[in-house]
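Only one chain is shown below, in structure tokens, and it's the form predicted on its own.
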């Protein structure tokens, strides 16, 4: 960069804040900040370090700029995204790729040169009249093999405030890496604001430059599009992990307590609004993380760490009965950012499924709200958005795991995969082995769409490992990485499929919301070799007697054999249709997956056909128990 550019940056920062940049002794970092300071042209630049004073400055700025408003409870605030800026924008989230590069079919990309030109045109002078914030964070625990230093540029105090809650501070981490070029970079501008929200959402762009590990985000405030360290970072990390031999995953991390006092750690992958956070927050267990994890091999075992130290969770149906721990945090004077809920004139927040009587009026993401209010298309506006959120620190939770910040991570003994599936999977199943689980459960994961992404709800979508939206490598390479990841691992983690959304012929759910507490306990018993199982064509399922005991022990309620039969009867036609559908998807995509992939699916199909010929379309567990197959 030219000397003039650095002088301009120094003038916008002021002597003290500029020294903070210089003291990091990293020319790549300084060049990056200088370049986008010149392009975005803010009135001033505020450089944060790890101090509490800087975090408080960001909190205060969020209120001053109107991006957040205080609520009645001390420490709590509310943010409203624009009416058309309520979810991740898949269509405009793209990779910037040079000619000749490719990620396979179905993965959004744009020519790198033209994409940079476009997004730079939106960033040019986008911060005139505003302040630019420069913030430093660390993905994963600091001073760890999991650590990835990150620098965020944004003009949104809401985005900056969110990241302060969600991530570990990283200024000192940058000081330790010196002149290293191994860090992630983010540039975000909310663009023109109207009533505190992004106005020009037609120019909303979320571009990822894989060559330079930079994420660009413009004309949006919704955190899924703008909090660079979240899903946008996951895309950068997946490429880095592929090159270095580890896994970057869309996974929760939790500790399951045993009756012997021991704790078993599980990772788990679920698409949005499919029970991921509620699983991580199960009463009696501990949470390490609810969204993104890095997995590494060490000494014959697999270890994982939470990338984050906070939760950006869907608030719908959070109530005292179903999510008591989160409810307690949201009901106390803790630091919380609510988004896109209803706020009454008394500054009390309300949201869908909170168990309280709905107020007649208030303020929400559409502005002033009243019962019966409709949008310009004649659609009634809900008092709280289906994808409304809360942002809280994990340190505020009474069930936070003691190893949250352990630089060594936690040893993972099981991995859970689950989506919205009304007709195929039982509530819980276990794969025969690692490869079988990767292929028939993880890589075959499907889920019905929800309000967490833009588009039509209720559509069954293929979503391998719950990570398809975030892949920055080809799907065949991703699956190959998974299959080979356990090389050198003494005992690979058990792989399980769960289904909290199974329905009967009457369309009603077959399991209660808290039943997942039992499925998790059973999985913990399995990976520790403390309980048997029934072998079926799709894997192992629980025995009725074992579940009956667990329901009494965990939930203090009876478990009827009739319910067990409805839940665990093998639905052969639906399972065969799924195998054919998944096989067709992979063949259509022309993915060069390892030979074992299609052969494993075909073998499962043959096992199902044998069982069908012998016992019919719908086979109760007792048939397999009696036959020993």
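Quick caveat, the model's predicted, so the values are computed rather than measured. Positions refer to the first chain, counted from 1.
One more form of this protein exists, namely the form predicted together with a small molecule; it is left out here, but the text below deals with it.
Here the chain stands alone, but in the predicted bound form its contact with the small molecule, taken as any heavy atom within 4.5 Å, falls in 220 to 228 among 393 to 401, 412 to 420, 220 to 228, 518 to 526.
Proximity to the small molecule in the predicted bound form holds for none of 146, 242 and 296, with the criterion being a heavy atom within 4.5 Å.
The contact residue chosen from 185, 204, 250, 161 relative to the small molecule in the predicted bound form is 250, the criterion being a non-hydrogen atom within 4.5 angstroms.
With the partner removed from view, the residue among 291, 430, 85, 155 that has a non-hydrogen atom within 4.5 Å of the small molecule in the predicted bound form turns out to be 291. A residue is said to contact a partner when one of its heavy atoms sits within 4.5 Å of a partner heavy atom; residue 272 meets this definition for the small molecule in the predicted bound form. Contact annotation: residue 312 falls within 4.5 Å of the small molecule in the predicted bound form, judged by heavy atom distances.
Heavy atoms of residue 385 never reach within 4.5 Å of the small molecule in the predicted bound form, leaving it off the interface.
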